[in-house]
Ligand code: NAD
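Here we start with a single chain on its own, the form predicted on its own, put down as structure tokens.
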Amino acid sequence: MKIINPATEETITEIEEDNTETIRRKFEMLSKGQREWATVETAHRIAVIQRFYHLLEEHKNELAHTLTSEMGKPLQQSFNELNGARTRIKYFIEHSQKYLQEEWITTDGTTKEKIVFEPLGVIANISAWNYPYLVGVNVFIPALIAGNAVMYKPSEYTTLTGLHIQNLLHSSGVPENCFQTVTGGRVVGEMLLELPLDGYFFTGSYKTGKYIAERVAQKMVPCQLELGGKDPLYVMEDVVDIEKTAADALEGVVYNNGQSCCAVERIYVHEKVYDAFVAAYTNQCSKLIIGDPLDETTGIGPLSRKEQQAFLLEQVEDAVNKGAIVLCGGKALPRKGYYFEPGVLVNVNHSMKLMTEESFGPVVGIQKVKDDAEARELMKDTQYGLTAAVYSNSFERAEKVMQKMDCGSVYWNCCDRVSATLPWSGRKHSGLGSTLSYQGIRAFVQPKAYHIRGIN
């Protein structure tokens, strides 16, 4: 398997893919290791993860450069991702003991009751390429702390990062027979679905998530899916600073080149401030610096996958054919690398793929609305349910819109944000289950109820 630099289209290196035999051996190793790991005190497992937390900081330069070279995000964003991952790990370090310890429910009377939380066993973590550290630590960190063993499949687009993660976990004290990486593409992923694993945790597209859920349903094991989104942002006419609002929206659209499940993918603006917002947004978008992701002045690097260029172009073409107007960008750049110029389209509507199908790139349509009711109905018009944002000077007014959103996260005067202390979850085509917060700790355990008689 060739590892390609999306900025240069050059081969960084070649990696041998796993096969049926190597995956079988790794699974057998993990099955044995998990039984031993589960007997280790939770405090010890947490201490091991704390060493991993420090190793990420010690090796951040190498890790960030590797991530940028194989995935394409600007170098500073790679450092930002590592910092964000450490913040999440810190949450798990500080809170896992509390939420994994046994809970006495009834201590009076002749029958006492308690809940004990036991690990699932050996789980598959089929991870994503857009934020390999952030989406990875959401799963393998609480899973390991809870006493599980992890078969970790990084995306084929961030394989080197996945191998770095494995090496640092082993260096921190995670036994080799408790965390194993499998490398390869779809065929290797299929092999994991054949194994008698005790849980599947996938981050990626709705199409693949649905396929995995259907394949493993007969096993009757947890299958948690963190999928995509078509996340809306609504700008009310009472916003105080239109320039800042436009800047926030732009960052929500183009950060990580729009390759985020919670990126802003459609914008609705009240008609009274529509022209001012569009002008501010387009002006700021046109000034973005596109180029070498290793250059510190670069704001937009290449897309991670070559095929995404054609996909985005098709969305733009479909919109234009149906009446949309391109104000800025929206085209692939004629240069080496998978570069795509951030695009702004107006005169858009929901007959266009750009406004209804996930883009996963730095393009957005901006639609004019006459009032909150119209904005609310357009925001709800989606099969996805990940996030929704409202910008307004009034929380009470914004809250009325947010309460109607059928999604896992809502934002007032911010967007494209994830917090370790809050559950990260999707509805409808955006997924099943939660990571992060205490719910993301207990996602990797199964409760056992104790009914106890005969003790005082």
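This one's a predicted model, so the numbers in the text were calculated from it and none came from an experiment. Counting begins at 1, following the sequence as shown.
Keep in mind that the form predicted in complex with nicotinamide-adenine-dinucleotide is missing from the display, and what follows is about it.
Across the options 182-190, 89-97, 370-378, 337-345, residues that bring heavy atoms within 4.5 Å of nicotinamide-adenine-dinucleotide in the predicted complex belong to 182-190. Between the options I141, A128, A319, L169, the residue in contact with nicotinamide-adenine-dinucleotide in the predicted complex by a heavy atom within 4.5 angstroms is A128.
Proximity to nicotinamide-adenine-dinucleotide in the predicted complex, defined as a heavy atom within 4.5 Å, singles out one entry of T203, N148, S78, N257, which is T203. Put simply, V235 is far from nicotinamide-adenine-dinucleotide in the predicted complex: not one heavy atom of it is within 4.5 Å.
When nicotinamide-adenine-dinucleotide is considered in the predicted complex, G330 lies well away from it, no heavy atom lying within 4.5 Å.
Although the partner is absent here, F360 lies within 4.5 Å of nicotinamide-adenine-dinucleotide in the predicted complex, judged by heavy atoms.
Using a 4.5 Å cutoff between non-hydrogen atoms, F311 does not count as a contact of nicotinamide-adenine-dinucleotide in the predicted complex. Along 260-291, one residue reaches a heavy atom to within 4.5 Å of nicotinamide-adenine-dinucleotide in the predicted complex: C261.
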